[in-house]
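What follows is one chain in structure tokens, specifically the form predicted on its own.
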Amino acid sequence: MDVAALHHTLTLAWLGLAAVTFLVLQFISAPYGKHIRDGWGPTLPNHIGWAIMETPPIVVFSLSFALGSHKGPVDVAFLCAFLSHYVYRGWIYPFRLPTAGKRMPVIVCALAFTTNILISWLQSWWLFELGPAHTMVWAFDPRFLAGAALFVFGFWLNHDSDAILRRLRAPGETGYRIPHGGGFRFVSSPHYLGEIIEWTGWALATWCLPTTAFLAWTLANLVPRANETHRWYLDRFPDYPRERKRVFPGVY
């Protein structure tokens, strides 16, 4: 099996894995953040775990761009967009977390580290080598323009929601409070909604199966997580705003 055939097979398999993951997460809560619990083996500091598991996409995309044959302006835009998310998520966000003393199971970090390598390779090697070259004509295609707009909006919503959550705690505090303002007026997890919007825009702007598989993977992980977070708030805070949806305003 040549590289192109292997790549296609793995991409289809990833779509299947996303479906299985979505079903599994209806019954098992990933043990990190608000939902961490005993019984998942050794742990490591929360911010270190985040940095480790979110670094592979930065490395893989950079290497694929360096080694691939597609290096036009649109390809550079794809690279910069993807890296903008993961440099923040892997190298900035973890060290802003007001979660002193909180930890993450090593197995969660290891699984995320491994899956991030593969899904990043599937996307980047298609964009920068196996797929069709994107000429400047693509920069004016409605799919690219609409996708870019969605990506920017999702990126902003994700950052704004993270900032609201950070401001809930004073230095040294470890408890939880009800977040208000921004996207929290509508849903319990606007930071997840922001990521979903980002990667919807990404899939639209790149218009290929690997990035669609990545969007499916994102939905499979974040929608169940948003549901768990919504239930957690309702159980913990009797005065939690009942009009808020889980992750999609006015819908779910």
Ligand SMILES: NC(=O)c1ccc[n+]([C@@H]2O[C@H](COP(=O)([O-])OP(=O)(O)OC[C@H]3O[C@@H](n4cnc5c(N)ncnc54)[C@H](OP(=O)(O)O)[C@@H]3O)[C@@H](O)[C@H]2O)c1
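For every residue, the number given is its place in the sequence shown, counted from 1. Computed from a predicted structure; not experimentally measured.
What follows is about the form predicted in complex with the ligand, which we do not show.
Engineer: Out of W121, F113, F153, Y176, which one falls within 4.5 Å of the ligand in the predicted complex, going by heavy atoms?
Structural biologist: Only one option qualifies, and that one is Y176.
Engineer: Considering V106, A139, I117, L165, which brings a non-hydrogen atom within 4.5 Å of the ligand in the predicted complex?
Structural biologist: So the residue touching the ligand in the predicted complex, by this definition, is L165.
Engineer: R89 versus the ligand, in the predicted complex: is there a non-hydrogen atom within 4.5 Å?
Structural biologist: Taking the distances in the predicted complex, the answer for R89 is yes, it comes within 4.5 Å of the ligand.
Engineer: At the 4.5 Å heavy atom threshold, is N227 in contact with the ligand in the predicted complex?
Structural biologist: No, N227 sits far enough from the ligand in the predicted complex that none of its heavy atoms falls within 4.5 Å.
Engineer: Quick check on Y233: any heavy atom within 4.5 Å of the ligand in the predicted complex?
Structural biologist: Heavy-atom contact with the ligand at 4.5 Å: present for Y233.
Engineer: So in the predicted complex, does T55 come within 4.5 Å of the ligand, heavy atom to heavy atom?
Structural biologist: Answer no; every heavy atom of T55 is more than 4.5 Å from the ligand in the predicted complex.
Engineer: Using a 4.5 Å heavy atom cut-off, are K34, Y192 and L222 all in contact with the ligand in the predicted complex?
Structural biologist: Every residue of the candidate spot has a heavy atom within 4.5 Å of the ligand in the predicted complex.
Engineer: Name the stretch: of 176-184, 123-131, 75-83, 143-151, exactly one has residues whose heavy atoms fall within 4.5 Å of the ligand in the predicted complex.
Structural biologist: Stretch 176-184 is the one.
Engineer: Any residue of 119-143 with a heavy atom within 4.5 Å of the ligand in the predicted complex counts; write them all down in order.
Structural biologist: Sequence-ordered list is empty.
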